[in-house]
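One chain is shown next in structure tokens, namely the form predicted on its own.
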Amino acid sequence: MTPHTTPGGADGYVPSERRIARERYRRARARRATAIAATSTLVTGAALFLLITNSPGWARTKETFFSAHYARVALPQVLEGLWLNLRLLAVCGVAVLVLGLLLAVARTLRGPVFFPVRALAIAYTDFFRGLPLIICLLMVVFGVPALRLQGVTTDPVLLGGGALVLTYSAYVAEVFRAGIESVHPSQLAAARSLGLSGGQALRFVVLPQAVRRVVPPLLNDLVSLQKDTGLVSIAGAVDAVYAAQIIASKDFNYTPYVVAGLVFVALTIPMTRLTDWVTARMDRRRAQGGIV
């Protein structure tokens, strides 16, 4: 691998024969791996297709779950109900981030005077992380109206959204707390030595670094929240899932449920790929020393 003078008089790099052979081998290996992966995927897919379509009950299953007629009937109503799921995702997502960050900050407060705040934050996080979401929804949606409190809403959409916020804020709080505790104490000490108060050091030094580090797990929680917005249907809110249930209950054909599921999958996949891209990007920047 030595430079030489080209006939035109300009110096250029000419790779050695060994390097050319190595690159040729790598390309050949990559092509072979791609061919093997494609072949195995096709064989597996064909085997599964034949296994399912040749099963004794396939005809009845196809009619019940994969009816083109019921899919065309259900799709407009499912998409109309999906608008409620998207609104819940937007509103609840913001509320979850804000409440989760407040809980995380409360758990990291130091000093005996803040012990009651820390204890309440710990109790809240432990309780709602351990409580199944479906039970939380049932308790809030049916328990709050039973109290007959003046000025308290009985709207199932608002109550269902509140239950989602209660549960997911506990999970997000732990994500934020992990990010805060991952910041080296020397960062806080350096900020205090420059004259910043404890609150200013937390706001301008610790939290920016902590939030950047936990973006991928936060996006994963957002994907889970997107799917779980469908659970508000148990309260009677007409979202994508409940719209599918209404159609399915008329003729006992479950194709609308499949349509609703595919709609949620179509929404989830782009967010999942975005999460993977952000994670890979942050890993590259961290490897290059671009993230503190």
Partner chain sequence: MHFVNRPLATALCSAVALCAALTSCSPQPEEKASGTKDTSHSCTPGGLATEVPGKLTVGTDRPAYAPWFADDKPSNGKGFESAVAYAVAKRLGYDRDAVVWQNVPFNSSFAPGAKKFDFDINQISISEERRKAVAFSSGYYDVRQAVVALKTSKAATAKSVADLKGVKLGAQVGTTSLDVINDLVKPTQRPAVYQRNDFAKSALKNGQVDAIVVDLPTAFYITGSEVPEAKVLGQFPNSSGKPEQFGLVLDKDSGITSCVTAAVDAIRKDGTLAALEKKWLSEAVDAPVLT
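In this text the structure is predicted, and so the values were computed from the model without any measurement. Positions refer to the first chain, counted from 1. We call the rigid core the largest set of C-alpha positions that still match within 1.5 Å between the two forms.
The form predicted in complex with its partner chain is left out here; the points below concern that form.
Engineer: Can Arg31 be called a contact residue for its partner chain in the predicted bound form at 4.5 Å between heavy atoms?
Structural biologist: Although its partner chain is absent here, Arg31 would stay clear of it in the predicted bound form, with no heavy atoms inside 4.5 Å.
Engineer: Is there a non-hydrogen atom of Gln226 within 4.5 angstroms of a non-hydrogen atom of its partner chain in the predicted bound form?
Structural biologist: Result no; Gln226 lies far from its partner chain in the predicted bound form.
Engineer: Would you check, heavy atoms only and a 4.5 Å threshold, whether Phe264 touches its partner chain in the predicted bound form?
Structural biologist: Flag for Phe264 set to no.
Engineer: So in the predicted bound form, is its partner chain close enough to Ala68 to count as touching (4.5 Å, heavy atoms)?
Structural biologist: No, Ala68 sits far enough from its partner chain in the predicted bound form that none of its heavy atoms falls within 4.5 Å.
Engineer: Tell me the stretch among 216-224, 199-207, 133-141, 105-113 that has any heavy atom within 4.5 angstroms of its partner chain in the predicted bound form.
Structural biologist: The contacting stretch is 133-141.
Engineer: Answer yes or no: in the predicted bound form, does its partner chain come within 4.5 Å of a heavy atom in every one of Asn85, Glu181 and Thr275?
Structural biologist: So, no: the whole triplet misses its partner chain.
Engineer: What residues of 233-252, in sequence order, lie within 4.5 Å of its partner chain in the predicted bound form by heavy atom?
Structural biologist: Stretch hits, in order: Ser233, Ile234, Ala235, Gly236, Val238, Tyr242, Gln245, Ile246, Ala248, Ser249, Lys250, Asp251, Phe252.
Engineer: Does Thr61 count as moved between this form and the one not shown, where moved means a C-alpha shift of 2 angstroms or more after fitting the rigid core?
Structural biologist: It does, since the Thr61 C-alpha is displaced 2 Å or more between this form and the one not shown after the core fit.
Engineer: Taking 2 Å as the cut-off, check whether the CA of Ser224 shifts that much or more between this form and the one not shown after a rigid core fit.
Structural biologist: No, the C-alpha moves less than 2 Å.
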